[in-house]
Ligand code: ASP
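Heads up, the chain below is alone and in the form predicted on its own; it's given as structure tokens.
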Amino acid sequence: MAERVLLVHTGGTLGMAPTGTPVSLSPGPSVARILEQVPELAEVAELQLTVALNRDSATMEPEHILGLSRLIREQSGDFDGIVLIHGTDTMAFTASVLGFLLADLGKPVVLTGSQRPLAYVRSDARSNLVDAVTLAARKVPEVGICFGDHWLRGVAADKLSVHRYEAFETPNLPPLAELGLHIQIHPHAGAFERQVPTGIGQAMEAALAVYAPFPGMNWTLPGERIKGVLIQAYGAGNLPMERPDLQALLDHCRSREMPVVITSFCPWGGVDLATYELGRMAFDRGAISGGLHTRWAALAKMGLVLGAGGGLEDVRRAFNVSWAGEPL
């Protein structure tokens, strides 16, 4: 009996018409249309399609992603794996959230998309879709992005190119699998301890402020509605700590018990606030080291903790624990 794979469509470039507009999908005809264009999929798995959304991923909101998590959990019982068709712009963020929320699913959830629509002759959509369905049928319990020649753990992934077919990378973690003449699944795929706290995932706090520093930047205080702050610092966590306005921002957040997480601008390597004096000064004012977390994993983790009613110390603990195989 062939493995059963659920395709969950959310929109994105893969399903666009040549004009660049989203194709309106319905379960029956769309499977037939996909198999018309990619007939080899029928040799890989038995497919079923559900259209969860049909939108540009740049318009994704947290409630859409939480809804996808619930849909996948509810429908996964009848399938060996799930393929989530998603636009590339926010795929890494969705992969981070789902990587945390579905770490205990016990089945592969493979996110994929493309840089050019399936309807184009020269498109990466065809190979990405075949590879994603193949991985979903392999039953390796991971939530990851299949794109180009690699399958990447979602909670460690970032989009690094707008034009290369190898658009995503996990800079601080080896790929889960390499896709060439053969599929080589690496030993660490599926090999992590799930440590997601109970109560996570019913809601997600999105009132987070993100600061990307540059020389001379004015550090304005976060608004009253803001519940958490992410700073993408230089290098290993350096910030212009001699600036009174940055000091005031950190002191303001500490007085309100508002978490301030510091990640790095640099894709490779991460933050260690003990490395340099400027980082230590931020730490002394209450900042939390984001370590090797990507910006997307950091935002997802902080948003999920705060959305579950957690506070500053809960966020601090979260960044000292690998919830779903994300590097620290």
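Numbers follow the displayed sequence, beginning with 1. Quick caveat, the model's predicted, so the values are computed rather than measured.
This protein has a second form, the form predicted together with the named molecule, left out of what is shown; the following refers to that one.
Novice: Would you point out which of 214 to 222, 109 to 117, 252 to 260, 137 to 145 contains residues with a non-hydrogen atom within 4.5 Å of the named molecule in the predicted bound form?
Specialist: Stretch with heavy atoms near the partner: 109 to 117.
Novice: Considering non-hydrogen atoms and a 4.5 Å limit, does the named molecule approach residue 205 in the predicted bound form?
Specialist: Flag for residue 205 set to no.
Novice: Indicate whether residue 88 is a 4.5 Å heavy atom neighbour of the named molecule in the predicted bound form.
Specialist: Output for residue 88 is yes: heavy atoms within 4.5 Å of the named molecule.
Novice: Considering non-hydrogen atoms and a 4.5 Å limit, does the named molecule approach residue 69 in the predicted bound form?
Specialist: Contact check for residue 69: no, nothing within 4.5 Å of the named molecule in the predicted bound form.
Novice: Under a 4.5 Å heavy atom criterion, is residue 50 part of the interface with the named molecule in the predicted bound form?
Specialist: Residue 50: no contact with the named molecule in the predicted bound form.
Novice: Along 53 to 76, which positions have a non-hydrogen atom within 4.5 Å of the named molecule in the predicted bound form?
Specialist: Heavy-atom contacts to the named molecule in the predicted bound form: 55, 56, 57, 58.
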